[in-house]
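Take a look at this single chain in structure tokens; it is the form predicted on its own.
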Amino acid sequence: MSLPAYTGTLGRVWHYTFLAICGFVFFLLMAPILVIIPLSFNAEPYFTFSEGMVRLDPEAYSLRWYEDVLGFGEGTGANRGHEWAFAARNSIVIAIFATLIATTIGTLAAVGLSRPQMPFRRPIMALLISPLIVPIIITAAGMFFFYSSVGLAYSHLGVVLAHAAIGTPFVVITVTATLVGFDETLIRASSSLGAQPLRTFFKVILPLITPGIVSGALFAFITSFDEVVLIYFLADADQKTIPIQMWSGLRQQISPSILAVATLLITFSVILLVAVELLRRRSERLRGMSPQ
């Protein structure tokens, strides 16, 4: 974006300095992540760039670690591939069910909190988003003691409910933001035409807030898919997920296979975040706002 014509020398200097600072911060945040991608194609079993990789020698690059993760490798590759497949299946199943629960609860809570006549709106909102504020290890410890007393610890149901609890705030925030520009006259018009509240919700409210719901669901899915601390407290070997499998691999046997899995997760996360951004822009267009 070009600067206004009236911008002085000091304003221009600060503008470009600010851009340089933002670029430097962005580099510091992204460099440790991006360096993983080329290392995952290393033909050698090391976590460093070999001389061949620096020279861009094709023989220094290999798909062996991806084959190992997917179970196509030789020797123990099939066993490791089975372990990764088991962890991936657990991660996907747990994330899907946790997302469904979090999306349902979060959407209903956001719609209710958007009503001016809702009592105790601020305390309830603070309670719903508290998992974002409280350190996750405190939340995990509290859930462990509670779930142990009710028999939910070390079970798939307990893990799903725990992940739903930490994913619900994302749905509440995104749906609440979508409801900020909602035209309340549409609800009154629906009621005046004889529609019941439930029909009004599904026919009027839900179609307009769907982008916010989907965005919150994607955030809840990513949160569940990447969670480590809750799994350590509440799960056993039957609920092992991909982050736990990666952590165990780092502690027991360092292998570039972990870098291959990390690259796949980065790609998956980027796809989801792009989908969230597209939904955000669509939501702004539906509300008559130009995307930023």
Partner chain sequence: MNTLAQPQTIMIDGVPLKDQLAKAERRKQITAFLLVAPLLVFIIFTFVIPIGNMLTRSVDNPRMSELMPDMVESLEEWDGKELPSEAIFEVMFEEINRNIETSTIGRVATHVNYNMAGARSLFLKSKRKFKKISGPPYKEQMIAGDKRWGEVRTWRIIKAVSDPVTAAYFLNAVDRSFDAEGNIIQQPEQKRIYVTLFLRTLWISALVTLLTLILGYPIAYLISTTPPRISNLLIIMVLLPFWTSLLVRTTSWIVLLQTQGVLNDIMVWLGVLSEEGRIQMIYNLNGTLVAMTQILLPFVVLPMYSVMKTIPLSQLRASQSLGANPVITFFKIFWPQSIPGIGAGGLLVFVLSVGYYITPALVGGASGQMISNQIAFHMRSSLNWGLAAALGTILLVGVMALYWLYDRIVGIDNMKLG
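Numbering follows the first chain given and starts at 1. Values in this document were obtained by computation on a predicted structure and should not be read as measured data. Just so we're on the same page, rigid core means the largest C-alpha set that superposes within 1.5 Å between forms.
FYI, the form predicted together with its partner chain isn't displayed, but the following is about it.
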{"item": "Heavy atom distance at most 4.5 Å to its partner chain in the model of the complex, all of 88, 181 and 213", "value": "no"}
{"item": "Contact residue in the model of the complex, chosen from 137, 96, 186, 206 - any heavy atom within 4.5 Å of its partner chain", "value": "137"}
{"item": "Close approach of residue 191 to its partner chain in the model of the complex, 4.5 Å, heavy atom", "value": "no"}
{"item": "In the model of the complex, residue 69 touching its partner chain (heavy atom, 4.5 Å)", "value": "no"}
{"item": "Its partner chain contact in the model of the complex: residue 151, any heavy atom under 4.5 Å", "value": "no"}
{"item": "Contact label in the model of the complex: residue 276 to its partner chain, heavy atom within 4.5 Å", "value": "yes"}
{"item": "Partner contacts for 83 to 113, taking its partner chain in the model of the complex and a 4.5 Å heavy atom cut-off", "value": "101, 105, 106, 108, 109, 111, 112, 113"}
{"item": "Threshold 2 Å Cα movement between this form and the one not shown at residue 14, rigid core reference", "value": "yes"}
